[in-house]
Ligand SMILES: NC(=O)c1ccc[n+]([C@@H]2O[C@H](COP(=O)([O-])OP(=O)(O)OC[C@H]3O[C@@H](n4cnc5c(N)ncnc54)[C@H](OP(=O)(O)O)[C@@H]3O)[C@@H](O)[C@H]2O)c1
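Only one chain is shown below, in structure tokens, and it's the form predicted on its own.
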Amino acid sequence: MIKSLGVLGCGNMASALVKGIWNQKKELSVSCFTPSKTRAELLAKDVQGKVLDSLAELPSHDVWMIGCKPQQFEELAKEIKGKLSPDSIVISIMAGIPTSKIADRLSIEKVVRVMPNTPTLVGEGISLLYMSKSLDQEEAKQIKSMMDASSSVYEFSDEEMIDKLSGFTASGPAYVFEWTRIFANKAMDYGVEEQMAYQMAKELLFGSSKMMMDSPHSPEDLREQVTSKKGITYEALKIFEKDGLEKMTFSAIEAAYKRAKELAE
């Protein structure tokens, strides 16, 4: 039974996941660490946990979550190698860093990769999940249950899928936010006041997303319901097709995948 959790790096994503886990499992003992202590203190307060003063000595925990930036992992690994119980489970939310590298650097076997996205902060997130084969069936079940607390979880048996899909699920909100900004800017070009333009754009994306979630129809079917032959939407979609919106989006996701592989080196 998982009874304790240590958190190394308490940024937005790690904090959202930990708070979701703790809200479901309030008996969980949580320790938090960040170099400046500021974010660790905020998270510890929310989950009735404690703040670790340093990495010199680490308490024994069933699970450790690593939430630092991928570029900071090598330095962190040098500081904590040999200080974690060999039987501990390590959950990584770092982009690109494979479980094999984490296991090697920390001299442990049980490694889990979770790739959440920012809507996790409002309880509407997606998390990609991969668990190394070293976890037993009960441990894997408990980890999956923990992740389910704050987002919709999609588990994969092929770790490569985490890197391939991160440019879709983890980066995807940024694409939506950018498209919202573009819509709002065009409305402002037409003379709409800024606050109204942004509100219209946000409601457009929200309403369309809700319609897709509530409808039994595919996105293509819903698109066709809006598109009259030779109408205004038809003309707009022709521009998307001519200028290669789908190709550009695929290229963006591939660029994110390429960067994930670079971070693994």
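In this text, all values refer to a predicted model and were calculated from it rather than measured experimentally. Numbers for residues come from their place in the sequence shown, where the first is 1.
There is another form of the same protein, the form predicted in complex with the ligand; it is not shown, and what comes next is about it.
Q: Since exactly one of Gln48, Ser36, Gln225, Ser218 fits, which has a heavy atom within 4.5 Å of the ligand in the model of the complex?
A: Exactly one residue meets the criterion: Ser36.
Q: Sort through Ile143, Ile93, Ala187, Val90 and report the residue having a heavy atom within 4.5 Å of the ligand in the model of the complex.
A: Of the candidates Ile143, Ile93, Ala187, Val90, Ile93 is the one lying within 4.5 Å of the ligand in the model of the complex.
Q: Of the listed stretches (111 to 119, 178 to 186, 191 to 199, 148 to 156), which one has a non-hydrogen atom within 4.5 Å of the ligand in the model of the complex?
A: The contacting stretch here is 111 to 119.
Q: Can Ile253 be called a contact residue for the ligand in the model of the complex at 4.5 Å between heavy atoms?
A: Flag for Ile253 set to no.
Q: Counting only non-hydrogen atoms and a 4.5 angstroms cut-off, does Asn12 reach the ligand in the model of the complex?
A: It does: once the ligand is placed as it appears in the model of the complex, Asn12 has a heavy atom within 4.5 Å of it.
Q: Does any part of Ser85 reach within 4.5 Å of the ligand in the model of the complex? Heavy atoms only, please.
A: No, no contact at 4.5 Å.
Q: At the 4.5 Å heavy atom threshold, is Gln72 in contact with the ligand in the model of the complex?
A: It does: once the ligand is placed as it appears in the model of the complex, Gln72 has a heavy atom within 4.5 Å of it.
Q: Is the ligand in the model of the complex close enough to Leu8, Cys68 and Ala170 that every residue in that trio has a heavy atom within 4.5 angstroms of it?
A: Affirmative, all three are within 4.5 Å.
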